[in-house]
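Presented as structure tokens, the chain that follows is alone, the form predicted on its own.
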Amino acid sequence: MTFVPNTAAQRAEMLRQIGVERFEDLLVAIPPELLMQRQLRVPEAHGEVELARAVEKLNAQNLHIPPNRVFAGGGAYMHHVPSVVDELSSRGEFYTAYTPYQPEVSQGYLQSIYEYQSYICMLTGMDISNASGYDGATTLADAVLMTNYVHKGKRSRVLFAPFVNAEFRNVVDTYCIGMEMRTEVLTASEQGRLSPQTLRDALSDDVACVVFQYPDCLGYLDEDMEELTAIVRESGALCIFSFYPFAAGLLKTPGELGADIVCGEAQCFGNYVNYGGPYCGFLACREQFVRVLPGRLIGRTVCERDGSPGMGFVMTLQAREQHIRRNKAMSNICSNQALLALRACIYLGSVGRNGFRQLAALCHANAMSAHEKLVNITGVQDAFPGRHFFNEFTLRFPSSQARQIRQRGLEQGMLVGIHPLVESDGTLNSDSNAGMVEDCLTFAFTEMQDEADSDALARLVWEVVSGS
């Protein structure tokens, strides 16, 4: 964005129109003791050459880690962003300061959001998608609130399968306070799974929903997922999936597994990690729940003559939203992450169905190759041996070596995994029921790595574990 400052003459004219002599006259309502009585301590203005040198000097202090040496995931993944995504999303028609949520938004933007919604439905196996949400955590919270509306407030318990992202859970807990809903985390077996019997024992007629993460926050997949979702639906509760959508390139969609509502993070589609945001949450559901689906919804016109799809796009079902329903609205979302959803749409359109499957297969193959190298190092153990995973897995290390591995990695220009943050029965940490698991690391792999990168990681781990 360009910034054009006001001239002194323009500022004087604005003050005259307001009816004051000085800018300070606008601050009379602020107690004097709260006002800074000195000039800001900032250096003198630089010329362009001097400014570039100063920025380069500051940038040199940063720790630079190449994208192919980032082995950390946990909800944010270092995927390649094709240049076409930056090129098209940066066009003036899209890249503006105006948040495109008003009814008069352009047909071009409405079409891009409609196509984004279509992609999300294909990836999740759901019937309806909204125009996006703020991020994966808030869309999960909105999914939980949807189940409260579906049950008309008569069911107040929310059950979490083991190893749902603890930070996402914290957001859900906050949202649930106002709705008087309470959350519980179910106990995992020694293999890190949720047993069907444990789920049956926890269900009752006051459970609104059960939340699954697919794959879970440790990277693993539950082979009993279809049986688990069937048990939930028999009880009258709804199934929510917090889903890593890149996995749809290889795995069954949540819809095929029995999900009612699917949410997650679309950062992996054409959006950079960006130190944690802004991101783009997606939220989709079965058609029967569309009236309680929060956020904007774009529809496509239909030809009255023969029922064929038209070429007009419009915001629809707005009676659910704040400007009409006010305090009874489905959500506080009055906007959407349209620019980031656009980038996701461009990304998915550019890689195509076959390209997407190939990329997902490459993520899985890179993870499998690295896993084999790492677990063959003496002293390194798989957190849950024999469990299937997509592109992420968790390993256990002796003593305090997990921290040493991370520190050695930073010294060598690698981001070597993350410590799992779990809130469960302590399956991974016998000393605590909640918090960071110090002796484990979760590693993530995408198409950015190759054999040389996993070899470098395995060499680093071997050096620390063997004491070499």
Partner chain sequence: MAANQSRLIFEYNVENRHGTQVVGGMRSGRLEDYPRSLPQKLLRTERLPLPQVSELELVRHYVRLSQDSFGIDTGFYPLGSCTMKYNPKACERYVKHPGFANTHPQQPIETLPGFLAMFANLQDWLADITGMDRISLTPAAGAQGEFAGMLIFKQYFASRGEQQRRVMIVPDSAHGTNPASAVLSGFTVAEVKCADDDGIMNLELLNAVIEKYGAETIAGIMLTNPSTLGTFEKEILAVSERIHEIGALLYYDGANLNALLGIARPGDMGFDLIHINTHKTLSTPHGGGGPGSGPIGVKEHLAPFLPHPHVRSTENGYEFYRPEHSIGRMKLFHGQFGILVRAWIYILLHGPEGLRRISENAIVNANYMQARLKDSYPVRYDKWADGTDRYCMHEFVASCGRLKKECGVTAKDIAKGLLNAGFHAPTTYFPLIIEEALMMEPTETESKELLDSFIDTMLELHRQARVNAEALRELPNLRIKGLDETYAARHIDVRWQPGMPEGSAAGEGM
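Each form is matched to the other, and the largest set of C-alpha atoms that superpose within 1.5 Å is called the rigid core. All values derive from a computational prediction rather than experimental measurement. Numbering follows the first chain given and starts at 1.
Absent from the display: the form predicted together with its partner chain. The rest refers to it.
* Within 4.5 Å of its partner chain in the predicted complex, counting heavy atoms only, one of 205-213, 228-236, 152-160, 341-349 shows up; tell me which. => Correct option: 341-349.
* **Position in contact with its partner chain when the complex is considered in the predicted complex, options S106, Q191, T187, Q381, heavy atoms within 4.5 Å** => The residue from S106, Q191, T187, Q381 that makes the contact is S106.
* Might V375 be said to contact its partner chain in the predicted complex, defining contact as any heavy atom within 4.5 Å? -> Flag for V375 set to no.
* Asked: Does its partner chain get within 4.5 angstroms of any non-hydrogen atom of R11 in the predicted complex?
  -> Contact check for R11: yes, within 4.5 Å of its partner chain in the predicted complex.
* Please check if G270 has a heavy atom lying within 4.5 Å of any heavy atom of its partner chain in the predicted complex. => Contact with its partner chain, no.
* Using the partner position in the predicted complex, report whether M436 sits within 4.5 Å of its partner chain, counting heavy atoms only. => Contact with its partner chain, no.
* To do: Just give me the residues of 58-73, first to last, that have a heavy atom within 4.5 Å of its partner chain in the predicted complex.
  => Heavy-atom contacts to its partner chain in the predicted complex: L58, N59, Q61, N62, L63, H64, I65, P67, V70, A72, G73.
* Asked: Would you say A9 moves its Cα by 2 Å or more between the shown form and the other one, aligning on the core?
  -> It does shift by 2 Å or more.
* Is it true that E451 shifts between the shown form and the other one by 2 Å or more at the Cα, once the core is aligned? -> False for E451: its C-alpha shift is below 2 Å.
* Asked: If the CA atoms of G310 and A284 move by 3 Å or more in the predicted complex, do they move toward each other or away, so closer or farther than here?
  -> Relative to this form, farther apart in the predicted complex.
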